[in-house]
Structure formats: structure tokens, C-alpha cells
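Below sits a lone chain in C-alpha cells, taken as the form predicted alone.
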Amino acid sequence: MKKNRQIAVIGAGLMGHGIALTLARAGQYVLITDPVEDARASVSRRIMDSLKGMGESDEKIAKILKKIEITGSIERAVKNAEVVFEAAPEKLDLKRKIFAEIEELAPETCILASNTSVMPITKIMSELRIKGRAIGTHWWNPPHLIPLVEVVSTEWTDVAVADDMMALLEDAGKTPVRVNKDVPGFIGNRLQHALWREAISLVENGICDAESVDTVIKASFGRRLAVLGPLENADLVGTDLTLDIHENVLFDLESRKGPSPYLEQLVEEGRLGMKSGEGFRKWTPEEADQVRARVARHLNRLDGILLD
């Protein structure tokens, strides 16, 4: 893979800083911009802190930071870019506006990628003049620690564009997968929220409490998910046994099309999770910090194992 490709990252928040450091760490030259001055002012420190958390030496961090330029101008960021990654908030009109501006300023050969977790790329990119270069890249949070990136093609995306994006991400140490049809939620969030829908339903219907749901997942099948995917597991136990189980349980699983009324009630009452002190469970600030630290340690440990 060619190094020192000029990459633009639009958005210097949690996702943007992780995307930028991942590509700079892989030897690419990154220009990152954000309309918020505080975000631009703090992004170097946040990148440095993330790299330290990943175990990088001061010498290596200094080399990576030299590959990253911070600018307040979208024009400066994209005018010579080969690839643009948009990492703005999940607002359709905002993303469309950003890409309209980028298309006027970036080279016509530049790949335009939107980072979104659920929004169809087709909706975001539908007003572009050159649609064949548009693609979705769903980086998972935190983007510098989670290997997966879902590469989402629209009906217009050129095969060469998807191939180039896959190669760029693989070279950066990511695990990209192709999403051949642009559907809401792509692959990962459709799977994740199918699980969440049933988890919420179990609590809503008084079958168990929220802590029990989390304990069951963490102490049983969750332990093997990182090394055994659900369809691998189905093949392992046998498709015949899988069919028997489905015939006896699927009819009783939650199948509503909209959000859970219980979830809607939590939000209406201001029970917004750790940030408010209560959601499905009650949280002290110390407990919330412990969970965040536990997740960070776990992901950093896995990242170290993968790098080895």
C-alpha cells in the first residue's frame, strides 16, 4: 500500500481523532479539521493520550503527530486529498451540507467516505454530482481500538473505490468487511440491536432485571463471541439442532417494529443511563468510571494481542 497518501478527516471529535491517529500511525498524511475551535485545539492532546493508552512510546507518538496537520479550513483539508473521511454528528442535513462543500473543493478523483453507524449512505450521498466515488465506512467506537470497519457500497459505488478503501483499511491494521447492500444499521448494528431489543423486552416483561440480562451475556455466550461468530456456532452445534431450537423459541421473541415503550419511558423521565445516574440500572459516578476503565483496559489488552 502506498504511504503518505493525503487523507482528510472532517470532524475532530471522538471518532475523528481515532480515525486520524489510525491512518497516521499506518504512515498516511492526515489533515483534520473541525468547525469547533476547542475541538481543534484539543485534538493533538487527545490523540497523544489515546496513543499512550495503546502503549506507544514517546518517540513513536512524536513521529505519528508529525503526520497529522490540524486546520480550520475544509478547503485546506480536502483540496489535495485522495480520500476524505467525514466524521460529523449523525444528522442527515449536516452530512449532506458537508459533502456538498467537499465536492466543490476536493479533486474529482478523491474518494468520499461517510462515517455513520446507521444512516443509509444512499441518503447522505444522493445529491452528489459524482456518485461513483461515494462510500460508507462505519468505524466502531473507539475507532483506534475496535478492529472492524464496515465498508458500505451504494448502488452507484465503483468497485475500484470499494477495493481501494478495503486495501487502505487493511494496511492500517483494521478488519474491513464489505456491505454489499446499503441498509439501515448495516451488519453490526442490526445484529447488536436485535440483541438489545430482546434484552429490553426481558426486563420490560418482568422476566428478569437488567443486571441479570448483562450477567447472562457476560458469563455465557458473550465469552465466546470474540472467537466464535453466531453462524460458526450454528455450524459447530449443527444446523439441525439450530433449527430445533428456533422452532421452539423464535415464536416467543420480541418482534415489535418500533422502539420499546419501556425505553421511551426511561428517556421521557430523564433516566438516560450513566450520564444521568440511572437508566436500566442505577449508577454512581464511581461505578460509571469503573465500567469505562474496564472496557478501555479490555480493548487495549486485545489490541496488544492483535498487534503481537
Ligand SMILES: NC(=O)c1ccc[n+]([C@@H]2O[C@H](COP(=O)([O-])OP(=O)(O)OC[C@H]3O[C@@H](n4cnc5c(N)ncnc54)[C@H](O)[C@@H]3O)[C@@H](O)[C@H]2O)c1
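Position 1 is the first residue in the sequence shown; the rest follow in order. Just so you know, these numbers come straight off a predicted model, no measurement behind them.
Heads up, the form predicted in complex with the ligand isn't pictured, but that's what we're talking about next.
A.B. asks: Report whether all of V36, A39 and E90 sit within 4.5 Å of the ligand in the predicted complex, measuring from non-hydrogen atoms.
C.D. replies: Result yes, every residue of the spot touches the ligand.
A.B. asks: Heavy atoms within 4.5 Å of the ligand in the predicted complex: which stretch in 166-174, 94-102, 230-238, 211-219 meets that?
C.D. replies: That would be stretch 94-102.
A.B. asks: Do L14 and the ligand share at least one heavy atom pair within 4.5 Å in the predicted complex?
C.D. replies: L14: contacts the ligand in the predicted complex.
A.B. asks: Just to confirm, I10 within 4.5 Å of the ligand in the predicted complex by heavy atoms?
C.D. replies: It does: once the ligand is placed as it appears in the predicted complex, I10 has a heavy atom within 4.5 Å of it.
A.B. asks: Is H138 a contact residue for the ligand in the predicted complex, using a 4.5 Å heavy atom cut-off?
C.D. replies: Judged by the heavy-atom cut-off of 4.5 Å, H138 is in contact with the ligand in the predicted complex.
A.B. asks: If you check in the predicted complex, is S153 within 4.5 Å of the ligand, heavy atoms only?
C.D. replies: Judged by the heavy-atom cut-off of 4.5 Å, S153 is well away from the ligand in the predicted complex.
A.B. asks: Counting only heavy atoms, which residues in 111-129 are within 4.5 Å of the ligand in the predicted complex?
C.D. replies: Counting only heavy atoms within 4.5 Å of the ligand in the predicted complex, the contacting residues of 111-129 are N115, T116, S117.
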